[in-house]
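Consider the single chain below, provided in structure tokens and representing the form predicted alone.
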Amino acid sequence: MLTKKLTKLLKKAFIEAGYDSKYGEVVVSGRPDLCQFQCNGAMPAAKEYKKAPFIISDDVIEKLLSFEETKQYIKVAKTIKPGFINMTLTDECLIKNTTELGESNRLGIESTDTPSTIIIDYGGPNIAKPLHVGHLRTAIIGESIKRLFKFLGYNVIGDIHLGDWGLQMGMIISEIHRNQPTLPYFDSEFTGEYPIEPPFNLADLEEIYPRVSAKSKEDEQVYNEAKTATFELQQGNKGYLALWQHIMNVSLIDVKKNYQRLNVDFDLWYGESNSQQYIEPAVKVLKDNGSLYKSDGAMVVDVAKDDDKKEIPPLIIYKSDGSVIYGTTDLATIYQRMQDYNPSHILYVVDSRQANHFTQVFRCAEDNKLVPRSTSLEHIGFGTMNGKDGKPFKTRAGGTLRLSDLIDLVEGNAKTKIETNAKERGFTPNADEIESISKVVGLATLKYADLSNYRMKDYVFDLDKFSSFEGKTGPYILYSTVRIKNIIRKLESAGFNKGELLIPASQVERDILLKLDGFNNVLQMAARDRAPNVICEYVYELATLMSTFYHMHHILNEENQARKASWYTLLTYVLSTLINGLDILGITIPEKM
């Protein structure tokens, strides 16, 4: 990468000029109209060496230009007051660098030197309830971060962390008991095999939970029965466990189908129930440390610190009735993950509104040494997706929008636009083809709209805006990438061969070479900040440069065969970069649009 190579040169020049090498860091220029790269080290160095910044930069440039290897890279290096070192590279340097990137196995992307294990906790749906729009961001952001770290060489484990062990399970079991009391699951004397077929289907479950949830808010007895059922389930009631397994089996079919539609997958399909056996050993650590005590009938652990700017209440481990809540299972899950995988990082991609909860859980785990100092626990928060009214996205009737309905909405919108575009161009595409492309374009619309916003920000989902084939949208990126595929396909079918890269024929071609070099830095920055939006911006800028390139250079009609072969090679490098960038975002690319 050019910044690394230039930094090595600048550090050497700073040393030769009598200054500390730490000031030699080179970055991509923020003013591409003035230069391609710059070093700003002369400004902070001026304070240490009591000199004007431009004197230091002049000293450094003099040494820099005296190096023989500088001629391989730098065409122009000059001081811009007060002390910026501005650099423009030779075209030969850009060609050599791009060729090396394109011919490498990973486009020059660096893999980590320490491929440790990272667990990413994302998804988190509650069993027996349909996925809704609130599950979208954790799935999309978490999947992208997982793919990013895998691409960078880490051992990454994605865990859905199902909500399958809490009060909602007790609510469903108690409601089934009230309506079907003769089922064998509720007969304490039953000793036979429980039925293989569940006594309900998915539609039944989706009706049961909201009904009993509403009842429990109005009827204390219903609520207490749900709490009792939850406790008995957690204590191993055989009938309840069998019924719980039915609920899991029926629900997971629908959950997996919806995540598959989002092109989201998990390495572990664990839930809170999987951590049940780890609660006791984790709690024993708390007891042995003297951290666990009784408060208002509940067993809790203090996690507040003297310098807290707001109140951080104790973490509840056992409720007054002896049941556990998700704070307990989160703690037990951390214990389990350390036993099974010993990760260097556990990342939780969860709504920002859960920040206090994770502060409590992380402090409890760290203070009681459930994790070593070498393991980092991190909450990766995010804002909400809102409608045009600025409020959380809902149905027209004001209810919570199902995730499947949202996916149907964007796919249907994409299908309409693709059919309209086909008619305007005077041809009728295959119906199956339209269906397939619509799914890909719809998903790109949804994912790019979400990921292109910095995750901590709320954003307004505007389907008309985000589904446009122009501007910073998923369909535009796909169209640009498919266009490259089409040109390459025509060159291949004509029997044309790729050739060596030639000196750029225009400034936009030069800009593309520089943009390709920046892919590694973009991925490293996205990983550091847990920010997929950085990758979104990059693929958009690269696609836009290619659009300008097409208008300036007619590749297929180019008469200079060497130039045409050079552009053919460049197209393959750009396509590989876009494919990798979009794959990290979880966006697939159709063969045509």
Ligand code: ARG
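All residue numbers refer to positions in the sequence shown, first residue = 1. Computed from a prediction, not measured in an experiment: that's the story for all the values here.
The next section is about a form of this same protein that is not shown, the form predicted together with the ligand.
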Can you check 510-518, 124-132, 178-186, 452-460 and let me know which stretch has heavy atoms within 4.5 Å of the ligand in the predicted bound form? 124-132
Is G163 near the ligand? Define near as a heavy atom within 4.5 Å, in the predicted bound form. yes
D330, heavy atom within 4.5 angstroms of the ligand in the predicted bound form: yes
If we define contact as a non-hydrogen atom of the residue within 4.5 angstroms of the partner, is Y348 a contact of the ligand in the predicted bound form? yes
Is W244 one of the residues lying within 4.5 Å of the ligand in the predicted bound form, judged by heavy atom distances? no
Contact assignment for the ligand in the predicted bound form, among S376, Q354, T228, N386, heavy atom within 4.5 Å: Q354
Only one of Y259, Y326, Y223, Y209 has a non-hydrogen atom within 4.5 angstroms of the ligand in the predicted bound form; which is it? Y326
